[in-house]
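There is one chain below, alone, in structure tokens, taken in the form predicted alone.
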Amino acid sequence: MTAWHQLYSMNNQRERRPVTRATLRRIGGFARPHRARLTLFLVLSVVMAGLAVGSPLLAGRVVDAIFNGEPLSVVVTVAALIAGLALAEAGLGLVNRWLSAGLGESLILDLRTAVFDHVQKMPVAFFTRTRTGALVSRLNNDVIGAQRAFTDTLSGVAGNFVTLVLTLIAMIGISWQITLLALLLLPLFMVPARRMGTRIARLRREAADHNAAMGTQMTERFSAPGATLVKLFGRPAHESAEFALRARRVRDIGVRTAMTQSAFVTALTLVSALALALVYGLGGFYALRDQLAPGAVVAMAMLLTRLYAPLTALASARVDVMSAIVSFERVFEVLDLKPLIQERPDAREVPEGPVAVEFDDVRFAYPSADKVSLASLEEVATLDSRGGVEVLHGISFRAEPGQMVALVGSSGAGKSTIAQLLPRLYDVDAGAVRLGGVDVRDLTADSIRDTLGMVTQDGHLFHETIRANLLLARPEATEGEVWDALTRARLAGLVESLPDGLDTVVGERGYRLSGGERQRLTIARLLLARPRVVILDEATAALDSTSEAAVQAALGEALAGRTAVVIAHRLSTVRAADLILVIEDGRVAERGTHAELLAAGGRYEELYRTQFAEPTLSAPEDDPVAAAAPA
């Protein structure tokens, strides 16, 4: 029932926005950088349309020459002109196709770059809510759909309109009576076109939504952790059923769209055939009474095919335009979502030298969905209205340059939220977070990234080589600096033993490495970055004791001489911290050194006794992380 609900509710999640002048201006804005090529493209399309009308008139002239017994030279000359027109059309067609391909690919590049750059500016909350497949669909299917508006629809409308006008002029010049009768069938073209356009656009929008949903499901289930989760819970049949449900829906929409288009084209073809029969019948009648030349009848018949072909295309252009507008709307929908975190025009660099970290009466609530997300990207009918509830209440502390501040407490107390405010993954609602005495909201994003280094629990890596994952921190690093970072992270021996060394691909999220190896690689990346402030968020929580010892040794290198904010579940890693904060329910419940907090007999003492009552959690005799902290 859940799958069915999602399948149909997401199709009614929003009314289609009307095509406004603002939308058209935005579309024109993407075309403006290519206006020279676009103008030439349209001019050539018009010229080709004009050439297309010449062939029927010349064909009629050949028939008249043969019927009237004119010299062979006349027939040959006219035939040569027909061949010349065909060659000109072919040559111009190739040039126009080259222009079309260049224009289309350039537009795809512009749209994709605009969306990609915009998405990169979105806050972390956007990515925690958005389904990846739905977002990728905007960069692929919808961008290509929007591109067709310029390379296919626009040129088709311009060329077919010119063909239609010139054909009508030529036909009226030959016989206005036959032309008028042929045009009486015109309503049979236009009425279905207006109805079919809206219907097919709706079907294509629905298909785009379902394709995005399938893309999301494949993206999530085909990843290593997603596939593992499905296998562990034994639900492959359920996953297959949900995927098949969406796939069948796309199939059904595809069949309906194809049949709608086929019925439309068949009806138009039938009307065209009836009109052609009318031309031959009435034209033959006039020719037999010597009121019309035989060649004129042939020319009229050929012109009629040139008349109804552009009419059919122009009638179908409404469908193409509506589909293109749908694609543009879906792209603009993403571009219109404003990033919550923006760099100020007068932002400055983090001051040089050692850096202090300060939280001054910080209050924070996670943003509601309507501020950071779109219902269509979450694939829900309406956005979750929850949010805006304060989770941090007046957090204040200061870590002097070179000091370590540890955050401990129950799960969900707000420790990781505090850590995420330092690199400005979120902005505070009240109070201030400062680096080197400057509010992070007044600092440039680049200088914050250069100053801070963070190691999280999952140790995320890209599906690239070890070298590429390390150079993400500092692309200009030398080979020697890379190996030095690996050595200090206790990972050089492992990398040297691999057949491809630094060029070994680590797999999606680094799953070809063990948990401890992944974590040490992220620490090596941090060491290569040389940050002045280090944030450790449960960096050893998911490791076994052997891996933890190796990682702690690497962390000792990472923390030495740096200002540090450490979130720890295992209190053994923070005993030597300069300041320990016990966070409970978004507040600082206790603060002090390890000895002071134990002596106070409060929440910290309770957590400590609980942990070390278990033999497996006993404190190691030589703790490199603790040793790295200043006394």
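In this text the structure is predicted, and so the values were computed from the model without any measurement. Counting begins at 1, following the sequence as shown.
Quick note: we don't show the form predicted in complex with a small molecule, though the next part is all about it.
A.B. asks: Check each of Ala375, Leu292, Ala413, Leu471 and return the one that places a heavy atom within 4.5 angstroms of the small molecule in the model of the complex.
C.D. replies: That would be Ala413.
A.B. asks: What is the one choice in Tyr366, Tyr286, Trp483, Phe332 with a heavy atom within 4.5 Å of the small molecule in the model of the complex?
C.D. replies: By the 4.5 Å criterion, the partner-contacting residue is Tyr366.
A.B. asks: When the small molecule is placed as it is in the model of the complex, which of 462-470, 404-412, 252-260, 334-342 ends up with heavy atoms within 4.5 Å of it?
C.D. replies: Looking at the partner contacts, the answer comes out as 404-412.
A.B. asks: Decide whether Phe328 counts as a contact residue for the small molecule in the model of the complex under a heavy atom distance cut-off of 4.5 Å.
C.D. replies: Contact check for Phe328: no, nothing within 4.5 Å of the small molecule in the model of the complex.
A.B. asks: I'd like to know whether Thr417 contacts the small molecule in the model of the complex, with contact meaning heavy atoms within 4.5 angstroms.
C.D. replies: Contact with the small molecule, yes.
A.B. asks: Do Phe126 and the small molecule share at least one heavy atom pair within 4.5 Å in the model of the complex?
C.D. replies: Outside the cut-off, so no.
A.B. asks: Using a 4.5 angstroms cut-off on non-hydrogen atoms, would Val391 count as touching the small molecule in the model of the complex?
C.D. replies: Taking the distances in the model of the complex, the answer for Val391 is yes, it comes within 4.5 Å of the small molecule.
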